[in-house]
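There is one chain below, alone, in structure tokens, taken in the form predicted on its own.
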Amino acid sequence: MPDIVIIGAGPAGIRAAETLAEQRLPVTLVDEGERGGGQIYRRQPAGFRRSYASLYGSEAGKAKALHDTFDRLKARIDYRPNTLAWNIADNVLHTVTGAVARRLRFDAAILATGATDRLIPVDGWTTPGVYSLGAAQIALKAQACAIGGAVVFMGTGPLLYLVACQYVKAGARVAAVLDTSPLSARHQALPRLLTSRPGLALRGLRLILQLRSAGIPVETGITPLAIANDGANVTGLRYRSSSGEIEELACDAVGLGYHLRPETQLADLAGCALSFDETSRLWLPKTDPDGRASVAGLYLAGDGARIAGADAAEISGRLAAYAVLADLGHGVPESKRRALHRAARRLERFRLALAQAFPWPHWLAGEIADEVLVCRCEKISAGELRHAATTLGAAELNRAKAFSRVGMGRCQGRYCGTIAAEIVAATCGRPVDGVGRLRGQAPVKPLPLATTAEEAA
């Protein structure tokens, strides 16, 4: 029997595992989390008794369906929670659980690695009390607490409004929601949003209306300037409004986020080809419509391939599983496959419309002050990065990394990589795809010092 490994137990990974298990194929599901569901359907800790409606709102039904599927599935697969996949090469996945390292040989691997927050530094963003949108959401879902007593959410994208509404529903005080995207962009994209996914588009509009009806200021077209602090904690936020006025808000916490970025490090280490996506201004793995990567035996699904949301992740997980089945010589239900492709194309149109409505504000790279830290892990400022790009002649991102250490720290460039590329590009007057991308390095995340020698699993 072939050895099949799936990395990630979010919507894509669970649906892929379910599809393969239905054909009685042995599946090993490696999950960095403790319980299946991924970030969007993150489960509450054992002992918590909040309802699905209170945790997931309009997505409660989908969350419960996915969780129920996973709970039934666990007995039929080799599920490995709390396990980090830290390297992949030559059909071997390297993992660590606790401090025990193992090697998993595979004939086919589906990378459903998910995504992380995409951030843009602003003066004061390293102050305690500043969180990414994803971290703010985790605090609410997994710890049942807010990140502050008066929270400002700033950035752009649907997640900005979703998290703000979740905080309001939980009884937290939201001081304001500040969006860098101009209102005109949303108006221009609205027809495409409504024609591709009218129900979801209207749901998004309702989120904004809910915030406004709760008396929460919602501003668009803003430019972040600084997060104020008293030397230890957040005290406020300063920004430029769409009319050009400098505004100040009092708050004790800030949630930041500018869309998401795929976790592509494992795909990169495995040798998968990546190409530059003009819409998102990101380097994404090349796949065929079924999720096959450029390396035989490797498949990609969900937000780890491109950011399109939970529904698209479930579809791509099933398609990747069908591709595995076909490549291993098993029959595939063509009618179901074609239906999934039709749904995927509709969701792709919606993804492109969302990118138009909430553009990644790459122009802010040129406005980041020299003294602002870009790479928190290595404490590299925007000025140091610009110095490497100009005086030291490092107009390519990996060369800038070698000279400045940007992206060499704990996060391996997850949070600084995309904005570092924008800064180098803006500084050198080059298109962002012309400065390249940070190449993946193993381990993709830190390993415990006490990690034992690897053993075959």
Partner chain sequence: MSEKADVLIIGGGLMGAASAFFLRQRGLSVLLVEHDRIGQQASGVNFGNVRRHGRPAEQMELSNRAHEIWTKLPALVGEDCEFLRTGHLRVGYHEADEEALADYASSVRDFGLGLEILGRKALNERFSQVSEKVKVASFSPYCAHANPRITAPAFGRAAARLGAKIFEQTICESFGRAGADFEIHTRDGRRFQAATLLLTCGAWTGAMAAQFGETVPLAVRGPQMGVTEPMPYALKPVIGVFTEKLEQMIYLRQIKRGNVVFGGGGRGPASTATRRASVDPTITLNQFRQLRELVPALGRLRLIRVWSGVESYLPDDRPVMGESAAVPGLFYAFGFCGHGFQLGPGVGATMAELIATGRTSIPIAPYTIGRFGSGQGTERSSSRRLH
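Numbering follows the first chain given and starts at 1. No experiment lies behind these values; they were computed from the predicted model shown.
Below, we turn to the form predicted in complex with its partner chain, even though it does not appear here.
With a 4.5 Å cutoff on heavy atoms, H94 counts as touching its partner chain in the predicted bound form. When contacts are judged by a 4.5 Å heavy atom cut-off, L25 does not count as touching its partner chain in the predicted bound form. Though the partner is left out of this view, R103 does reach within 4.5 Å of its partner chain in the predicted bound form, counting heavy atoms only. Contact annotation for I380: at least one heavy atom lies within 4.5 Å of its partner chain in the predicted bound form.
If you check its partner chain in the predicted bound form, you find no heavy atom from any of L260, T264 and I307 within 4.5 Å. Heavy atoms within 4.5 Å of its partner chain in the predicted bound form map, among the stretches 52 to 60, 30 to 38, 393 to 401, 420 to 428, onto 393 to 401 alone. In the predicted bound form, its partner chain lies within 4.5 angstroms of at least one heavy atom of each of the following residues of 427 to 444: R439, Q441, A442, P443, in sequence order.
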